[in-house]
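Here you get one chain, nothing else, as structure tokens; it is the form predicted on its own.
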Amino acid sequence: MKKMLPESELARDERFVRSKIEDRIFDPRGPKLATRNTGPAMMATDRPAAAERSRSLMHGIFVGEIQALEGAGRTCFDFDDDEAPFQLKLDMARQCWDESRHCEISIKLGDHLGTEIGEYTESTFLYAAACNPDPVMRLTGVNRALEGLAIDVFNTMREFGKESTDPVLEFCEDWMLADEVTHVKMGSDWLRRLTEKDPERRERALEFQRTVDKIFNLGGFRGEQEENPVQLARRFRELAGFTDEENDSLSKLAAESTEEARQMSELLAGNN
């Protein structure tokens, strides 16, 4: 089997439509069905766009789980034991099992919410982050940044399920949230272990994490303000190994992304 498989060679059937990450900053539906932009708003039942946004998020979760499964599997295979210890590969194998279960849950939740596979587009940025040739970069880019985002998304969807009195959505999101905390915690622990004697490598990895976090704020998609659809889940991030300083930094980064998106929207509106 080929090592370091590029994202262009991922196996997908005709239902899946690819989009670029920049296409999703202002419309998370991407170019396939992007007929209107509902604008950013916290997930709440009194929001007109809440139902559609929940379906879009659910589909995004589904394709993210596929790529998380693929990425963890590649980490098990791509590296020799001197690059990635056997115990790390064992943790990644455990994560593959979890992600497989999450894929099945997400498909059923999509059916529950009335969403078909391929109704929204797929960006393969998560898998691209999992292709980094340095296993430590993969741990920060995927397990800490993107799985950290999954903590925020699952907690937001769990709260939305509770508010909308949907016990199926609430229970499933709560179940997957517990797994994501474990995945992020594994990334946090292994980051410290693998860079214990190499602080420069640790800082490079954390800088890669910050880059991924900034991209996946998606112009205000995640943050702690009223207009952010996905709210930062500080308590669960603490359980996963994030410090208060890290959470504060991420919150500041998210606020900057929200302001940049607002300014860009005003600029675009002025040019139309």
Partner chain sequence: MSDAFKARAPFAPWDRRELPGLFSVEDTARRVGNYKWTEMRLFEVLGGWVATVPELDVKLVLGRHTYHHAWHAELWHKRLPELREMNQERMTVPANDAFVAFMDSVRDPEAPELTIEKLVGVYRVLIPRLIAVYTYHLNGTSTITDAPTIRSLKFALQDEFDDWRDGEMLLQSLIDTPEKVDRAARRQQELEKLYIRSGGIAGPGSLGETAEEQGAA
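Every value quoted in this text rests on a predicted model; they were computed, and no experiment measured them. Numbering follows the first chain given and starts at 1.
Only in words, not in the display: the form predicted together with the partner chain, which the text now covers.
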Checklist entry - Though only this chain appears here, would S100 touch the partner chain in the predicted bound form if you measure heavy atom gaps against 4.5 Å? => result yes
Checklist entry - For D198, is any heavy atom within 4.5 Å of the partner chain in the predicted bound form, or not? => result no
Next on the checklist: Please determine whether L232 contacts the partner chain in the predicted bound form, using a 4.5 Å cut-off between heavy atoms.
Outcome noted: no
Checklist entry - Applying a 4.5 Å heavy atom distance criterion, does G73 contact the partner chain in the predicted bound form? => result yes
Checklist entry - L5, R15 and F62: each with a heavy atom within 4.5 Å of the partner chain in the predicted bound form? => result yes
Item to check | Stretch in contact, per heavy atom within 4.5 angstroms of the partner chain in the predicted bound form, of 188-196, 132-140, 174-182, 101-109 | outcome: 101-109
Checklist entry - in the predicted bound form, which of the listed residues (L206, L239, L69, I215) lies with a heavy atom within 4.5 Å of the partner chain? => result L69
Checklist outcome for this item: Across 60-94, the residues having a non-hydrogen atom within 4.5 Å of the partner chain in the predicted bound form turn out to be F62, I66, L69, E70, G73, R74, C76, F77, D81, F86, Q87, K89, L90, A93, R94
